[in-house]
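First comes one chain, alone, set out as structure tokens in the form predicted alone.
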Amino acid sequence: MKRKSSNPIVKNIYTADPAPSVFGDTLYLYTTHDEDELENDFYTMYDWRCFSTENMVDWTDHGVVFSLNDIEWADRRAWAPQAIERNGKYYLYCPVHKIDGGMAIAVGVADSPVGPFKDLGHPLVDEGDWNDIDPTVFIDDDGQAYLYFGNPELRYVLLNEDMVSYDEKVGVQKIPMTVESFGKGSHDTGTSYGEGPWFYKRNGLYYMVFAGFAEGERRNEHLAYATSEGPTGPWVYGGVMMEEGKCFTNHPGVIDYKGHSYLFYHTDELPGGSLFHRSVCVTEFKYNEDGSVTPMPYSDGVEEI
């Protein structure tokens, strides 16, 4: 009989904003870390953690792999990251609060998936506003790398091959925030798109999974998705992927690993859990033949592979 994991994945600390990456035969899960003690009754987050598995049941804790202490120009808000590998280097894209500024995107670079990551010394993206959060990175088949991000708007840059700069002639591009692309909802743009984009490609179809808000009175976030035949759109709304839960926020991380498809997300399930004390979970799902996704329930865990 196969063993089965139990959610949440990490039970000794509060974790959120799961970002899975597969390097070699190992799945690495990067997360944020909600501190036990809050400052100003708000998200209190200082570092990024990494966990790894080869069977989806046994997880290795690699501890802190990058932190605000490593970023001299930032002072708080170690928010949702994502990692990628290119040319033997590993890049961790992280939103942070810039000292005397708004939110900006930092990049940590390492020789190993588990760090230690070293900061560039300056922001990669810094528009001077609050939209530069929740980066999601993807390298297409032609070698072009894309970095999407944003709340309340979805924006992107074309990363250069060095992965630590972008094509400034193209600059920061704004995706049209339409109901056709992201569904009708109650967020600031009038669509359901809220934050937490997760960008990937599967069987020739591009996916943008995101945390969203339904129509009507503002409630908790659900997870939804849009698809496109090209990496920059036009995006077509696909529907809800996971219904809203008890926690105000959610954050998707979608990955294929050893022939299985997984959605990582977060809840407030651990003792003492709240909108500021979250916990990363995972569920397995299957795509429909046309690439669409049927809404899936919250999970108690996944089987060993």
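Sequential numbering from 1, following the sequence displayed. Not measured: the values here are computed from a predicted model.
The discussion below concerns the form predicted together with beta-L-arabinofuranose, not included here.
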Considering non-hydrogen atoms and a 4.5 Å limit, which listed residue (148, 79, 207, 91) is close to beta-L-arabinofuranose in the predicted complex? 79
Let me know the one among 45, 65, 242, 29 whose heavy atoms come within 4.5 Å of beta-L-arabinofuranose in the predicted complex, would you? 45
Testing 234-242, 53-61, 248-256, 66-74 against beta-L-arabinofuranose in the predicted complex with a 4.5 Å heavy atom criterion leaves exactly one stretch, namely 248-256
So in the predicted complex, is beta-L-arabinofuranose close enough to residue 119 to count as touching (4.5 Å, heavy atoms)? no
Note that beta-L-arabinofuranose is not shown here; using its position in the predicted complex, name the residues of 268-282 with a heavy atom within 4.5 Å of it, in sequence order. 278
